[in-house]
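Given next, in structure tokens, is a single chain: the form predicted on its own.
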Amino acid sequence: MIFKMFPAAELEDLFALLAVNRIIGPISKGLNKDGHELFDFDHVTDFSHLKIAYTQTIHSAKKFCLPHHEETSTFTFTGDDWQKEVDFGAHQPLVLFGLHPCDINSLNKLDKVLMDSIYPNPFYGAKRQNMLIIGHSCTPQPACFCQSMGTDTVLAGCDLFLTLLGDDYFAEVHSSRAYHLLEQLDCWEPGAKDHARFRASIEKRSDSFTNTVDTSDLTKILDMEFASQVWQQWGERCLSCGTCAQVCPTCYCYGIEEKVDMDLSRAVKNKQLYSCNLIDFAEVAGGHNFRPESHTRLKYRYYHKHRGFVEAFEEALCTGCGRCGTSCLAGITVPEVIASVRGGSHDA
């Protein structure tokens, strides 16, 4: 890997070089009930609006390659003829500016399912391959447990990753596109002191994580505790609202809805992201529901994240970002649920 250094003041110049494309970055969205600033990813045209020192966004960047609602195809009928139009939604290059490690790794996980599997998703793939990603270091928040999930660092999945070291940026170059971008900035090769500063920064960040999840032998424990009473207890708390899936950077379950005009002249096929916690998720034709109880739906969501995905891809689907617990109206968090399953009991 190639490493470079450049003054932090030149981040604006990097933004300007990329501004010929549509840039998505963290911006302020207001304040929460406690008066803390809320951030989310959105279209940014002015560098002064970019909040590069943000804590965490409400949603991940997933929505720009896996939208919550998407029109996949339209059909028009004229007499005995008909025509189908498909729009992959990748109309222009997209720059994701300032993604934290967990969000970059979430896209890597989605790639395994939606691009590298036997049945790749062309709608996701078209948008994903049309992206340039600039990663940025972060400060662990109280809800974060990405270190436990191995997603607190980035080995792949972005073009450039930046770590702020005082008045300078330490840049990890992951692609030729990023290399040529940095050629237009005032860069220099990092020396021994720069590498020492970088290592010190990484160690300080590593020591600042306060939230953890014990993942040792977790797949075996989940198998043994499949019928545990703790799932019933958590299910009684769960509101089955689906909020966790809406903010999760790796949930990809979806439903398809087809609409046909009354005069049979046009039809549309729409895809929308869904949640396995919603009551009708496992309902099939005829009205039978395979998972009518909230605790069963909640349990299977955890088994998909921490058991099924591990079996298929040798890593958990969860990134440890903590968004689900932060947004949950019932206060259900992954660390608490996993700890209760490991202990075999729960006193909530």
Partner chain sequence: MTTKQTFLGVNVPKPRVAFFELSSCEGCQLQILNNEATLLDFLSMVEIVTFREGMTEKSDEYDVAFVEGCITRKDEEQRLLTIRKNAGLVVALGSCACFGGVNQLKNRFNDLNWVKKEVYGDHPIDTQEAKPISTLIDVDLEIYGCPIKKEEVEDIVVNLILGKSIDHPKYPVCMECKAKSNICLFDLGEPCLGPITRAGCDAWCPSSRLGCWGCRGPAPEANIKQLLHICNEREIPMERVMDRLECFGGFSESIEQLRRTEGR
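Numbering follows the first chain given and starts at 1. Rigid core: the largest C-alpha set superposing within 1.5 Å between the two forms. The shown structure was predicted, so the numbers you read here are calculated from the model rather than taken from an experiment.
Missing here is the form predicted together with the partner chain; even so, the following discussion is about that form.
Though only this chain appears here, would residue 209 touch the partner chain in the predicted complex if you measure heavy atom gaps against 4.5 Å? Answer no; every heavy atom of residue 209 is more than 4.5 Å from the partner chain in the predicted complex.
Indicate whether residue 259 is a 4.5 Å heavy atom neighbour of the partner chain in the predicted complex. Although the partner chain is absent here, residue 259 would touch it in the predicted complex, with heavy atoms inside 4.5 Å.
May I ask you to check whether residue 197 falls inside a 4.5 Å heavy atom distance of the partner chain in the predicted complex? Residue-level check for residue 197: no, no contact with the partner chain.
Even though the partner isn't displayed, in the predicted complex is residue 236 close enough to the partner chain, meaning a heavy atom within 4.5 Å? It does: once the partner chain is placed as it appears in the predicted complex, residue 236 has a heavy atom within 4.5 Å of it.
Candidate from 243, 228, 215, 201 lying within 4.5 Å of the partner chain in the predicted complex - any heavy atom: Selected residue: 243.
In the predicted complex, segment of 163 to 171, 201 to 209, 76 to 84, 147 to 155 with a heavy atom within 4.5 Å of the partner chain: Flagged stretch: 76 to 84.
Flag this candidate site as yes only if 143, 337 and 342 all have a heavy atom within 4.5 Å of the partner chain in the predicted complex; otherwise mark no. No, none of the three is in contact.
Within 4.5 Å of the partner chain in the predicted complex, counting any non-hydrogen atom, which residues from 2 to 36 show up? If the 4.5 Å heavy-atom criterion is applied to the partner chain in the predicted complex, 2 to 36 yields 29, 31, 32, 33.
Residue 262: Cα shift of 2 Å or greater between the shown form and the other one (core-aligned): Yes, shifts by 2 Å or more.
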